Every structure is written in structure tokens, then in C-alpha cells.
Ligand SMILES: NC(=O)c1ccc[n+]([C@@H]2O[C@H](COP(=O)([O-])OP(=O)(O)OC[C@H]3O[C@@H](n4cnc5c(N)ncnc54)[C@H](OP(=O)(O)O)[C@@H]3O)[C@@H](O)[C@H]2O)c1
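One chain is shown next in C-alpha cells, namely the form predicted on its own.
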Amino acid sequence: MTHSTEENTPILITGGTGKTGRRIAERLAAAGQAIRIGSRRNAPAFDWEDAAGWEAALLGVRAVYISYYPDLLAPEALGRVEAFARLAVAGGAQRLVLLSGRNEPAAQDAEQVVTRVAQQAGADWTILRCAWFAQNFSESLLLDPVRHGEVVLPAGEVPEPFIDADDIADVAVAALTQPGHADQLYELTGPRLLTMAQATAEIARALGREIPYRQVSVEDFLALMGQQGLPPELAGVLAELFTTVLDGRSAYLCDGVQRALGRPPRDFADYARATAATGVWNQPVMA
């Protein structure tokens, strides 16, 4: 009886319309799992900046995917994540799955908070500590630069093991629904290291056209993003990412995808070819 009703008890996906959340929701729904999308547009609405609505979003859920916006590097993130996690387990959630970042002290603080809250409540926790998303080039701040035909970033020769958001979603779904992932920290990377210039070259190769890569200072990059309408809350996060996280500390591979799923992670070249085939990089740049 418990098993038969479990699938009808929803899983809350915060950031449910974002890069990872959307993919997780699609997979869970396709598997017949009850889901609740945590976003401002859904009912009940979920907003990280409005704690008054959290309880309604968490009502009756059995598991929660925690994806903090704009990033765990934001100064207010730790307090909000802790309060939210405590409310989740107090309401009966039995699994907490946190989307985290590699070698980011603020993100690791959030990991400790979530694991401690879960342990105190007798709930399961899983940490997904992720490298840079490949989809940042197609669903985020680098989409328009690729369309324009030039990628400009304050990143030099430091390589990064880009992780595909589809791999993250597969691991998250396993952690949210299957046994064997409780109290696990999965460090998720792709199968090889690439600099930003090399990643851009992979995309250019998949598209069959030139896409130059240009390195600029963090200040010039933020100024450029501001001219293009970058939300102010993202400016500090990006500055921290480019000045601190991309300093070589994450230039190594991990086996999180293999451990969680029993298969290798998707290569960036495969992502580039599949994404090029959708035509998203050929669409006109939005004004």
C-alpha cells in the first residue's frame, strides 16, 4: 500500500522551469511520478525571495530538488536554503537533493547545512556537485554570443570539465526516486577538460562556421553584460565565478556520473552536435 501511494505523492522541483529542473520534471512526469513545479508562475507559487509561500509549495511532498536561484554564491543563499530545508523535513519530506557547485566555499556551506538538516530529521540527502553546464552556451548567457558569432569571456587557459544538464537530470531523478543514492555526494563532470576557447571551437566545428573566442577582463565583461540587460543579482555571482572558481581549482575529472548511473557522462562534442542540429544557434539574436 505504501509503495502504491508513493508515486501519487508529489516531488517538488524548485527551479522547475530552469536548465536542470525542466529536464527533471519531464523525466519524472514521463515515468508517471507526481510532480510539483516550484516556480513563480505555478500554483502554489514558489519564490526563493518570498518565504511566505514555501509552506504551501512543500505541502505533502515526499522529496525535494533544491536548486537555488541565482546561485549558491549569492550572499543570502545560505540562510534561505537552511530555512527551506528545515521547513521541508518538518513537513514530511524524506529526500533532499541539492544542486551544488564544485570548489565554491559558499556552495559547500550550503551542502553542509542540507546534510545536517536532513540527518537531524532522519531524512535522506544527496548532493549533486556540478561542473559548468554545457547548456550555458545554448540556454543561458552565452546563447546570444554564439548566435552573434563571437564569444567574449573573462576566462583564459584554465580548463573546465563541462557537464551536460541531461546527465545532471538523470542523476537527480535517480536520487529522488530510486534506492541506493541516500547520503551520497556525487561530483558531476564531463569526460574531458576544455578551456572556454576550446569549447567554443567545438561549437563552431558542429555548426561549420567560425566563432572567434575573445578573452576580456571581468570588469569589461560585466559592463558588456550590463549593456545587454544582465539582471543586477547575477553580476556579483558571475564576477565571483570568473575571478575565483575558474582559477584552476576545478580542472580535474570526477566519476560522479559513473557512480550514480553506471555509464560515462556525455562528451561536450556530442552536446555541441546535438544542439547544433536543433537550429537554436542559428536563430536571430533577440533585440
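Residue positions are given as counts along the sequence shown, with the first one as 1. Please read these numbers as outputs of a predicted model, since none were measured by experiment.
This next part talks about the form predicted together with the named molecule, which is not shown.
- Query: in the predicted complex, which of 125-133, 213-221, 88-96, 178-186 comes within 4.5 Å of the named molecule (heavy atoms)?
  - Reply: Flagged stretch: 125-133.
- Ser100, heavy atom within 4.5 angstroms of the named molecule in the predicted complex: Yes, Ser100 lies within 4.5 Å of the named molecule in the predicted complex.
- So, in the predicted complex, is Thr17 in contact with the named molecule at a 4.5 angstroms heavy atom limit? Contact with the named molecule, yes.
- Task: Using a 4.5 Å heavy atom cut-off, state whether Glu240 contacts the named molecule in the predicted complex.
- Result: Residue-level check for Glu240: no, no contact with the named molecule.
- Query: Does Arg41 reach the named molecule in the predicted complex, with heavy atoms at most 4.5 Å apart?
  - Reply: Looking in the predicted complex, residue contacts with the named molecule include Arg41, since a heavy atom lies within 4.5 Å.
- Task: Would you mind picking the one in Glu55, Glu49, Glu26, Asp247 that has a heavy atom within 4.5 Å of the named molecule in the predicted complex?
- Result: Exactly one listed residue reaches within 4.5 Å, namely Glu49.
- For the heavy atom contacts within 4.5 Å of the named molecule in the predicted complex, list the residues of 49-88 involved, in sequence order. Sequence-ordered list: Glu49, Ser67, Tyr68, Tyr69, Pro70, Asp71, Leu72.
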